[in-house]
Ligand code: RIB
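One chain comes next, on its own, written out as structure tokens in the form predicted on its own.
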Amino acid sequence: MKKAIVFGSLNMDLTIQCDRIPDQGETISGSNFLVNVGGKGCNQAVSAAKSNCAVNFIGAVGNDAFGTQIINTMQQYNIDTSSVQIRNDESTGVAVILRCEGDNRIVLDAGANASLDIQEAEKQLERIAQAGDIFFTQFENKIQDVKSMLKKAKGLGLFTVLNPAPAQFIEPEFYQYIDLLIVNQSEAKTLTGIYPDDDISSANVFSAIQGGTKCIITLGSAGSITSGREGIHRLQAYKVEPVDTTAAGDAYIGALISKMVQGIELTECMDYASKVSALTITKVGAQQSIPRIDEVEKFFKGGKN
């Protein structure tokens, strides 16, 4: 059975709400403390798994309680964690998030994500990769590790997908290892110097991407856009009442990959991903807000848009 193989970050998110940012040396009271499994790699993998996609994950956690909780959570979603490294020399990655007046402050300790054994990761990729699989990754691990895995996956004949977030420049010669690039508007500007806010500027982004790499640009409430033989293809976003947009991008990417694994045409994959993303922002949280495929089908059965 064809599957998705994810190489990415595994974090525990610790978030707390406060009325204001504390001054230096000050202690203030907070509320609504939450502990959630996170990391872009993990969020995208969970999104794919919730849409009935077989998923293998390659990454690293520490040999600690957070690492155990992350692995257990992924396994609850039927994600294969046999390629996740358990590091004794580093703690699990942690994001400490302070939420205040609709804004946030984040302190990130990459932990095991940054000390991953890349040779072991490549060995695991060789072990699990099969014809027809899709490999996808992000930029929350060490950039050189991400590039090594993309190059390895391409060498194994896999279809490769990159979400370059957090945004970093990609050398033109490296695009040969990327089959599909998925970016938001700010990421597109980092890569090309062009901010896509209409069809013309989006077309300019597509032209600036090197090596013939296919590209999808997500435009938030304006939908998503790609290019094809007939020109620009824009898909409108589905209209919902937003509650929390935190996981919208990760939900979109995982859902898109789940349909691509089935060999479905790209614009149809994008339409399904837009539905998943829309439902995700109607709930608070990250992974817990991402809908399962049956929830998506039920909600949109009546043609809601």
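Note that residue numbering begins at 1 and tracks the sequence as displayed. The term rigid core refers to the most C-alpha atoms you can superpose between the two forms while keeping them within 1.5 Å. Nothing here was measured: the structure is a model prediction, and the numbers come from that model.
Not on display, but discussed next: the form predicted in complex with the ligand.
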| item | value |
| --- | --- |
| Selected contact from L156, V146, I209, A95, since only one has a non-hydrogen atom within 4.5 angstroms of the ligand in the model of the complex | A95 |
| The unique member of A222, A167, I86, I106 whose heavy atoms fall within 4.5 Å of the ligand in the model of the complex | I106 |
| All of S51, Q262 and D271 within 4.5 Å of the ligand in the model of the complex, heavy atom check | no |
| Contact segment among 23 to 31, 39 to 47, 262 to 270, 58 to 66, judged by heavy atoms lying within 4.5 Å of the ligand in the model of the complex | 39 to 47 |
| The ligand contact at I70 in the model of the complex, heavy atom, 4.5 Å | no |
| Proximity of L279 to the ligand in the model of the complex, heavy atoms at 4.5 Å | no |
| Any non-hydrogen atom of I253 within 4.5 angstroms of the ligand in the model of the complex | no |
| Sequence-ordered residues of 267 to 301 touching the ligand in the model of the complex, heavy atom within 4.5 Å | A286 |
| After fitting the core, A208 CA displacement of 2 Å or more between this form and the one not shown | no |
| Shift of A222 between this form and the one not shown at or above 2 Å (CA, core fit) | no |
| Rigid core fit then I118 CA moved by 2 Å or more between this form and the one not shown | no |
